[in-house]
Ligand code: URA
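In the form predicted on its own, a lone chain appears below as structure tokens.
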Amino acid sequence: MFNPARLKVQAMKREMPKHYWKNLPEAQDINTLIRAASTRTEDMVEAEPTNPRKRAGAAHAKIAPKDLLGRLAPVAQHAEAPPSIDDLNRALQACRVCPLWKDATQAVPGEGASHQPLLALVGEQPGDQEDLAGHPFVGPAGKVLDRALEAAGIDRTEVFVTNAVKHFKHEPRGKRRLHKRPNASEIEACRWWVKHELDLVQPKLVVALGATAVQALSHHKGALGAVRGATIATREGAPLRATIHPSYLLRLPDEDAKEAEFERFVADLKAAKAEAAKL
């Protein structure tokens, strides 16, 4: 974790003297993070705040009659899955299996090509803008993903895009809502939804975007780098490839490193497309 607004260089060096840095692989980024801290803090202060809408429950009650929500309630407790992706998406709004729904505006289902697309892209969880809009990958990370898909020759409308966790986990910080990584129990609680999404959509190949998606989809519990670029399997045995989450690129302060990592991300997507075409 690195919070540029709370950076205290001397205190940090007292807690972690510089002569120990050589033993820490991540320490190579410390000087770059320190140099960029003031700029990043100013950007956060100047950014336009976002305010959550009223919880979507009232809106959904108008769309779906009470008897329909009652019929879908067992689905939210991980019983029998609905027969179509549209029914699954409606049922998702009634999910109360983990507590993340309490502070989210709404659940964010997957969307895109829903009948045997070449690829299904699975990210971590909705962000602030996704939570407000009800659509996956529409915020800053989504713009990076769109640019990478275009560079890889992949039409976003021809892939299925979703997340491993369906509600936005966050903590308030003033008027802002800051992303918090979902824990293992929340990932497992939501895995039921992702499994049935993929069962209904039936993509040729699944692409896990980031470590949380790899954890949700597969039995791999190690580092993302250990499986990046390789074809492994989901827990159900479907072909799976792993790459970074596009938000990782937004966190890189060095422009040269960001561009190099973007090109590698595009290469991963191209390789996934080529692999899916063979299946």
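Here the structure is a predicted model, which is why all the values come from computation and not from measurement. All residue numbers are counted from 1 along the displayed sequence.
We do not show the form predicted together with this ligand, though everything after this point is about it.
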Quiz item: Could you tell me if Phe137 has a non-hydrogen atom within 4.5 Å of this ligand in the predicted bound form?
Solution: yes
Quiz item: Would Gly127 count as touching this ligand in the predicted bound form under a 4.5 Å heavy atom rule?
Solution: yes
Practice problem: Report whether the minimum heavy atom distance between Gly123 and this ligand in the predicted bound form is within 4.5 Å. | Solution: yes
Quiz item: Does Leu92 make contact with this ligand in the predicted bound form, using a 4.5 Å heavy atom cut-off?
Solution: no
Quiz item: Ok, Val194, Ala141, Leu119, Leu100: which has a heavy atom sitting within 4.5 Å of this ligand in the predicted bound form?
Solution: Ala141
Self-check item: Answer range among 110-118, 186-194, 81-89, 129-137 for contact with this ligand, defined in the predicted bound form as heavy atoms within 4.5 Å
Solution: 129-137
Exercise. Taking only heavy atoms into account, state which residues of 156-176 are within 4.5 Å of this ligand in the predicted bound form, ordered by sequence.
Key: Asn163
